[in-house]
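Encoded as structure tokens, the following chain is the form predicted alone, with no partner shown.
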Amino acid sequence: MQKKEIKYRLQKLRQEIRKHRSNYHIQDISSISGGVLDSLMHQLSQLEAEYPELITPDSPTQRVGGEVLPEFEKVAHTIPMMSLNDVFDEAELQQWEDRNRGIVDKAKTLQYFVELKLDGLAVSIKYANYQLTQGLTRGNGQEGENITHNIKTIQDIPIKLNSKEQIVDKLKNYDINLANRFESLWQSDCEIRGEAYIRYSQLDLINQNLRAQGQAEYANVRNLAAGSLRQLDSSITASRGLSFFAWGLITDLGQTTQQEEYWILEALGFPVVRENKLVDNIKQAQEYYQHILNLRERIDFAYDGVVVKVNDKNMQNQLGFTGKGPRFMIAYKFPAEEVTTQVIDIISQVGRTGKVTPVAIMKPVNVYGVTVTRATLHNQDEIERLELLIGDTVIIRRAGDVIPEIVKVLPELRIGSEEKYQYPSICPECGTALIQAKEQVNQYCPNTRCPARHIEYLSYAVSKEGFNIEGLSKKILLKLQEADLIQHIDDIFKLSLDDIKITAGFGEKSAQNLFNSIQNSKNITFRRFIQALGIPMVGNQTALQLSRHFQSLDEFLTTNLEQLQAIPDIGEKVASSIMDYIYNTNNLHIIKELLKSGISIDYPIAKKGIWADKTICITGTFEQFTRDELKAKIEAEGGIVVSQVSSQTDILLVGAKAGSKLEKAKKFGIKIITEREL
């Protein structure tokens, strides 16, 4: 982009961020997800770092939090409540440490106190003569809202601190020197900071009551916590059941490290996060981050990352502050399920059935722990529905193992250089004129010998969902195909060790490993065998249904249209596609050759479990099981797990943080069960 375009994009980014930050911090409305807001801020920070001369004083990167609402008394903070700078991966975390090492004494060891980054509302609380006297929101960082009347309703927050004697006795359990320092400095006045929040289980209880009354439910714990604290009527706040964790001590009570500060907070009588801990180096901080990320679904409160703090207080003072926040601590954010990036091109990709799919090529971005550079756009209708242009900034989503998808375009960030996508008329691989049936949205390459179609099918057949041949990548398949060693899937099982070694350019060990992997894959379940055939419109769940219905391959190959349509969830189009495949003599020949090459099929043992013939959708997070474990258990008991809720779904299995699927299930009157009921 030219300098003029950069300036214009910065202006657009700032406007968009201000709008959503106002919604989030002032109105307690989530117009976009926290991950998307973080992503926009990251884009802005990176551009400003590259073009520092374009930074403006009113940029969101130079400000903290939101404004103070007029309904509340404004009170200046003793010390500003600054926000933290963010990092999003291990490399950025290391860069943060490297910058700090350039400031502090290089001979000194950098230990870190690592904490959960809580997703609630930051507050400051003052005590005088042991008694709670004031509670403030963070506000704009310089001054906050006086919410003392609401702070007093939170049961976790002591109205009166522990006595000096009680505090000293508790500190002696941790460190006698700290206890002595505290005793000499204590004057019964202090200021602490922490996070007011609502547990997921409490949100569920509140929403259950709202459902019973026919009222709208709350979407998330953060907005509910913020809205509850900003009530003029404290009885409303009290009814919400807020919780609290302390994480900061402003008053000097003898603490020389961050860990000692944590001990003092606990001794004063405040709840602290038990998972917080001291680590010896940045590598251990990274290990802690991964551990806490893995625990996320099993903890009853929201946190969106880890705060890494230099443990030594003298070093903290030496490092000081930047314009926005402290240098001595950093927010290491978890991978977001939704982030923003920019579409730099749209290409056409030919699949195994000849379907031509537009694919967005994007600036690399980390989504839920995976670097994403492309996302399928499905068809022309999807591009038009999104109103997507090449050059647009978009929100993309990737939840768990789901393929990345563009969920929304942000037209407010357009700078005028965006372009429309030109739909192809010929196959980009073989040059054949594309066809599009009436009332169909998809374009197809009709050439059955199209190289793209063929290699995509082979790649699909050997994938994890099919024969699961480890190490047989698309790149190796192309080499084998170019050497005329494979034309059809059955040819793979006829390869010799020398074929692999010579063609793929492997060493002895690598060639042997791939050869063994091919041999081991000859034993396959009926479900995966059906899926590996690549029958159009037959995916994972349809293959499961077919493998349960038919007792053998012969029975499957001699079925008819009526029998297929009698199977649950197999409609006329899918049944017709299966029949078209079976009636094709070339396909039957390939199946015969597969069996001749030594393929052995494991047929399922008929079992009628508690989930038999039930279609189940899973949503939310669970304490005792991962989603994969739940899926395996359900399928083992005869159930079928689907990814979306429809009128044909029998049961919705719901955990914490359930989203739109729960609303859809209620609309269809689908049975809803919780993990506890399960």
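Each residue number is its position in the shown sequence, starting from 1. The structure presented is a predicted model; accordingly, all values stated were derived computationally and were not measured.
What comes next is about the form predicted together with a small molecule, which is not displayed.
Undergrad: Might W247 be said to contact the small molecule in the predicted bound form, defining contact as any heavy atom within 4.5 Å?
TA: The answer is yes: W247 has a heavy atom within 4.5 Å of the small molecule.
Undergrad: With the partner left out here, check for me: in the predicted bound form, does some heavy atom of E195 sit within 4.5 Å of the small molecule?
TA: E195: contacts the small molecule in the predicted bound form.
Undergrad: Does R138 reach the small molecule in the predicted bound form if we count a contact as any heavy atom within 4.5 Å?
TA: Judged by the heavy-atom cut-off of 4.5 Å, R138 is in contact with the small molecule in the predicted bound form.
Undergrad: With heavy atoms only and a cut-off of 4.5 Å, decide whether E115 touches the small molecule in the predicted bound form.
TA: Yes, E115 lies within 4.5 Å of the small molecule in the predicted bound form.
Undergrad: Out of Q111, T559, N468, S83, which one falls within 4.5 Å of the small molecule in the predicted bound form, going by heavy atoms?
TA: The residue from Q111, T559, N468, S83 that makes the contact is S83.
Undergrad: Of I282, A122, C450, I395, which one comes within 4.5 Å of the small molecule in the predicted bound form, counting heavy atoms only?
TA: In short, A122.
Undergrad: Looking at 481 to 489, 349 to 357, 170 to 178, 306 to 314, which stretch has residues with any non-hydrogen atom within 4.5 Å of the small molecule in the predicted bound form?
TA: Partner-contacting stretch among the options: 306 to 314.
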